[in-house]
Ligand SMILES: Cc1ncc(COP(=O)(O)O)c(C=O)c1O
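Taking the form predicted on its own, here's one chain by itself in structure tokens.
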């Protein structure tokens, strides 16, 4: 069946990005790209298999259902679940042989019961709170919590982790350094108590790229695996503080088809709310994509798309399933021509970052909000 809207994912770009990360972190560190949120909107299974093919070691997901999908697809690589797994779902996590982030004793108690029953080991990673104040064990409780984990025979305390709060939001990294110092203090407290944890990790994309001292035993890059800088501040920090030839290759290209073209006289309103009125005879294109699909309503009257290598502005409001574009200056456009919503078309391009600016948000949000029912095609 021919799709009305689809996303083309460049496998070449994904592979280049992962190999870039492998090059900067070296062969001995675990490379664990994050594929949560449908691989940042790029397609969970397709990206996971591509990343592993390109040299990744582990995969990071947010939820158990994502791990289940990966296992069902035949992936047997280590899967690290960054989010919360409810008590009544832990049995499946054990069955799927997932690594779990832990920070409360109820989870440990349940895991102890399940691993004994199953007769198998389970690896867990303590999340230590260093200043982001989301998931995590407080510093005062870290030694007691680690000792509690180690009291159970079939639970292996494999890792300790934390997450930076603002490393990608600023070129002043004093708070990130403060968090790093707290993380090292937690490690020191554990080692003083005779607890040595083999895998220490805290690097997201920005930290991996600009702070070599944060790489430790494993890195967890996210958005940059898909070819996007976490922020302009991260790029500026890289250029000023690191330098080199590290480059990212965007993989996301969102397209749709023209469903109708019609001529609208001057003085006609277009779309809900009558927010746009034509000032000349207008050749109007109807595109079957809208905010249900993830095309943000905030782009109404602000964005453009690409048709035959030319820019076509949106007219009127973004609807639930339709946008309207002005094709007056693209007379060669025809029914079912491809329309580029994000990506390159001829000499023109619309980046995820430009799209995010139109929508008053960050680049992370754009591909992750593109509806999962829309097919991802790997080219």
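Positions refer to the first chain, counted from 1. Keep in mind it's a predicted model, so treat the numbers as computed, not measured.
Form predicted together with this ligand: not shown, discussed below.
With a 4.5 Å cutoff on heavy atoms, residue 271 does not count as touching this ligand in the predicted complex; it lies far away. At a distance threshold of 4.5 angstroms between non-hydrogen atoms, residue 358 is out of contact with this ligand in the predicted complex. When this ligand is considered in the predicted complex, residue 40 lines it closely, a heavy atom lying within 4.5 Å.
Contact check for residue 223: a non-hydrogen atom falls within 4.5 Å of this ligand in the predicted complex.
Only one of the listed residues (68, 317, 49, 36) places a non-hydrogen atom within 4.5 angstroms of this ligand in the predicted complex, and that residue is 36. Of the candidates 218, 197, 82, 94, 82 is the one whose heavy atoms come within 4.5 Å of this ligand in the predicted complex; the others do not. Segments offered: 171-179, 240-248, 107-115, 198-206. Contacting this ligand in the predicted complex at heavy atom distances within 4.5 Å is 198-206. The three residues 22, 29 and 235 each lack any heavy atom within 4.5 Å of this ligand in the predicted complex. Shown here without this ligand, the chain has 127, 134 in 127-146 lying with a heavy atom within 4.5 Å of that partner in the predicted complex.
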